[in-house]
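So this first bit is one chain, no partners, the form predicted alone, shown in structure tokens.
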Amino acid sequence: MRFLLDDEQRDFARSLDAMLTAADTPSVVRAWAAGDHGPGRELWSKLADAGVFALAVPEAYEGVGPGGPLPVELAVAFVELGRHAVPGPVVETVAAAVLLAGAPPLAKEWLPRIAAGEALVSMADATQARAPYALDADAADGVLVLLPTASPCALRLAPPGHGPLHPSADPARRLFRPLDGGEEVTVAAGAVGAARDWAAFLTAAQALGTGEALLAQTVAYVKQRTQFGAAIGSFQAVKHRLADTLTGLEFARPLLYGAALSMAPGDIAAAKVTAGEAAYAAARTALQLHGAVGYTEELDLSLWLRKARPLRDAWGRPSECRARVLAA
């Protein structure tokens, strides 16, 4: 099966690419990692003006989806967000929109604000004993805690505030434990599971874009870095490594768009594990071929290198995704 975007979807991707290139996202990422959310909120508003968040919100709540989110268009958008290393709880905000659509009183309050880019929402999964953290809770306007299925309620709206900052492999992914207490909410049956699936799906798209950015920067570097009088990109071993990296990413792409068409949990898990592993492989290739310069904070490459592994593990580690594929 061939998955080809139509002209409108390709134009949407190109417009996001141009807007994010002009926004100088590396400087935005560095400010976000330092706790300065101003440039990130400004970029968030531009994404909202481009319609990114409205894609996740039904028309009844001032979005553009006829009855719910538009998965193919959101996949297109999140590949670009990954390609440009956009910081913030973008995945969690869209997944929260899916979740809150099942709770009418909260939907009326939150979804129009999400569509307009006025509300950042983070989520923490209380069933994940090792990592019940909310991404960027210090910048979020609301934090949703997904409760275990045994709980009488499906989620908890955490009170304002958060615990201390938890160390992260990516400084721009700022992790906090949500505070106890807050309002417990019952949502439509299956809504929490759907929100987890959407988070995994969008993280897969981000990972694919991240891997593509790492490969592009590495190809550019090996063309200009010389050794023994020749560009290192002309060496056969380097070509093979880059070809393997490209192959991994290209295998992930149809799985992502296949999942967008079905939104079946097994398809999403397959896309998540494949895109995550491909992005992580791209990071290892980039680091090896850049050599010691790849470690430096000053090189923008480090901003993408640090994202690859957290994106591989967020909202479904590889072993968990493989188990879901086998169970499907």
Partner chain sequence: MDLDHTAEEDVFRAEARAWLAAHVPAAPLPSLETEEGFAAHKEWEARLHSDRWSVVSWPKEYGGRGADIFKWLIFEEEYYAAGAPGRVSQNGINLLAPTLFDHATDEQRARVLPSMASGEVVWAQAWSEPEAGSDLASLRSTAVRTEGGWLLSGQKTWSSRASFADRAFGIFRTEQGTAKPHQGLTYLMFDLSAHGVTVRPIGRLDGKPAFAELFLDRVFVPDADVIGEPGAGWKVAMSTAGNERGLTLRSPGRFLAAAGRLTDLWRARADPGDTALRDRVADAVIGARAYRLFTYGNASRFAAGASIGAESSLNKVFWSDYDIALHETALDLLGADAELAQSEWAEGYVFSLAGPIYAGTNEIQRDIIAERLLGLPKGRR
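Positions refer to the first chain, counted from 1. Everything numeric here is computed off the predicted structure, so don't read it as measured data.
Keep in mind that the form predicted together with the partner chain is not shown, yet the notes after this line are about it.
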property: Exercise: Lys223 in contact with the partner chain in the predicted complex, heavy atom 4.5 Å; result: yes
property: His240, heavy atom within 4.5 angstroms of the partner chain in the predicted complex; result: yes
property: In the predicted complex, Leu47 touching the partner chain (heavy atom, 4.5 Å); result: no
property: Gly258: touches the partner chain in the predicted complex, heavy atom cutoff 4.5 angstroms; result: yes
property: Val52, Val57, Val273, Val29 - the one with a heavy atom within 4.5 Å of the partner chain in the predicted complex; result: Val273
property: The single option of Leu165, Ala188, Val185, Ala231 touching the partner chain in the predicted complex, heavy atom within 4.5 Å; result: Ala231
property: Among 290-298, 38-46, 261-269, 59-67, the region lying within 4.5 Å of the partner chain in the predicted complex by heavy atom distance; result: 261-269
property: Those residues of 182-212 which, in the predicted complex, come within 4.5 Å of the partner chain by heavy atom; result: none
